[in-house]
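The chain below stands alone, shown as structure tokens; this is the form predicted on its own.
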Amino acid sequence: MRKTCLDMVYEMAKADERVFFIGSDLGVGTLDKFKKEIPERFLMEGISEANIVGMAAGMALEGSIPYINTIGVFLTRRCFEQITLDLCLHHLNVRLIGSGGGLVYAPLGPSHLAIEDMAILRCLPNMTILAPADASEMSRLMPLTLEHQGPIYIRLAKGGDAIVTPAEAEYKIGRAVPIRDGNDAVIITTGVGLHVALEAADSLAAQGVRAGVLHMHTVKPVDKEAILQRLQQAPVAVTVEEGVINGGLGSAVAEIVAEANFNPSKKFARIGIPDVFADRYGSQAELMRYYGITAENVADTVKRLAG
């Protein structure tokens, strides 16, 4: 996914002189072709993320479209004030590409986990948040970021994930992608959570429960219309995300469910990382299992709510 994303930044830069790339202490060889062929629009600025965001804001004010790439947790948590005041307040066209979204950097411990990135950015006016499920979806969304107005955060997963998004679907920023039909329940997810949701839906189908799957590659602005449309049919809704449940996709859906005042009310649950700091190291898969971000837990939760 990261390679697809950065390759597309390079391709867009060749076609559009507004595109800049700014890296922060990335590995040797990152975007070598970009650096060699378009050196005047390639910057590797070292470990100074907050300064980079401020610099990108200045470039955007002059008409450029900077794409910044570094580790997600440093790009969001460390730079929150610069993102708020420099980018969002002025509605600037800066693209923040966060590597290692969610639990990808689990082997490095809690300091490197970008698990609250979507939650803290979702509260900022003018911010758009993208979390593709696979490289194919990334390739469809990246061209759309070029003309989008305002700052965008693009969350990268580990990479190498199986392609599960449908090629025939319509991809627009802010529009959900219906992946699977089913009115007994709806599983609403984002990022690589889609993989978990599809496995859970398969398991439920084998047990006679038809669960629909709605994929939100855009966490903000969330596609409220699509969520309400699915909830009109399904009595149960479960959200799945590789991030904290407080403030992320699950909270966004909870707000929609609460304000819709369904009668009868909906059975609802959020699956993600609870309100704790990670207390262990391990692989991404191990920590996802530890926090219950698994197909088995999603299926069990749906069955429990469905009674």
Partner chain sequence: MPVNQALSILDKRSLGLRRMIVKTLGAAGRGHLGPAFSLVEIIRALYDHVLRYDANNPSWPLRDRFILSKGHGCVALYVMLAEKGFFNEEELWKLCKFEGLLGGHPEHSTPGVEVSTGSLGHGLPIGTGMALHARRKKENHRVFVVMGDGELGEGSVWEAAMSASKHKLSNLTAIVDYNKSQAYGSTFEVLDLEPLADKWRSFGFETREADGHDVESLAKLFNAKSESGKPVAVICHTVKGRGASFVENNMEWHHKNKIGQDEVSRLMEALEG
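Positions refer to the first chain, counted from 1. All values reported here derive from a predicted model rather than from experimental measurement.
The same protein also exists as the form predicted together with the partner chain; that form is not shown, yet it is the one meant from here on.
Q.
To test your reading of this chain, name the stretch in 135-143, 76-84, 198-206, 182-190 whose heavy atoms come within 4.5 Å of the partner chain in the predicted complex.
A. Result for this chain: 76-84.
Q: Would you check, heavy atoms only and a 4.5 Å threshold, whether M59 touches the partner chain in the predicted complex?
A: Yes, M59 is a contact residue.
**Q.** Proximity of N246 to the partner chain in the predicted complex, heavy atoms at 4.5 Å
**A.** No, N246 sits far enough from the partner chain in the predicted complex that none of its heavy atoms falls within 4.5 Å.
Q.
Please determine whether S64 contacts the partner chain in the predicted complex, using a 4.5 Å cut-off between heavy atoms.
A. S64: contacts the partner chain in the predicted complex.
Q | Interface membership of A169, the partner chain in the predicted complex, 4.5 Å heavy atom rule | A | Heavy-atom contact with the partner chain at 4.5 Å: absent for A169.
(Q) Please determine whether each residue of S251, E255 and Y291 possesses a non-hydrogen atom within 4.5 angstroms of the partner chain in the predicted complex. (A) Looking in the predicted complex, the three residues S251, E255 and Y291 all stay beyond 4.5 Å of the partner chain (heavy atoms).
(Q) Going by heavy atom distances of 4.5 angstroms or less, which of E296, D25, E17, E286 would be at the interface with the partner chain in the predicted complex? (A) Only one option qualifies, and that one is E17.
Q.
Using a 4.5 Å cut-off on any heavy atom, which residues of 42-73 would contact the partner chain in the predicted complex?
A. Heavy-atom contacts to the partner chain in the predicted complex: F42, L43, M44, E45, S48, E49, A50, N51, G54, M55, A57, G58, M59, L61, E62, S64.
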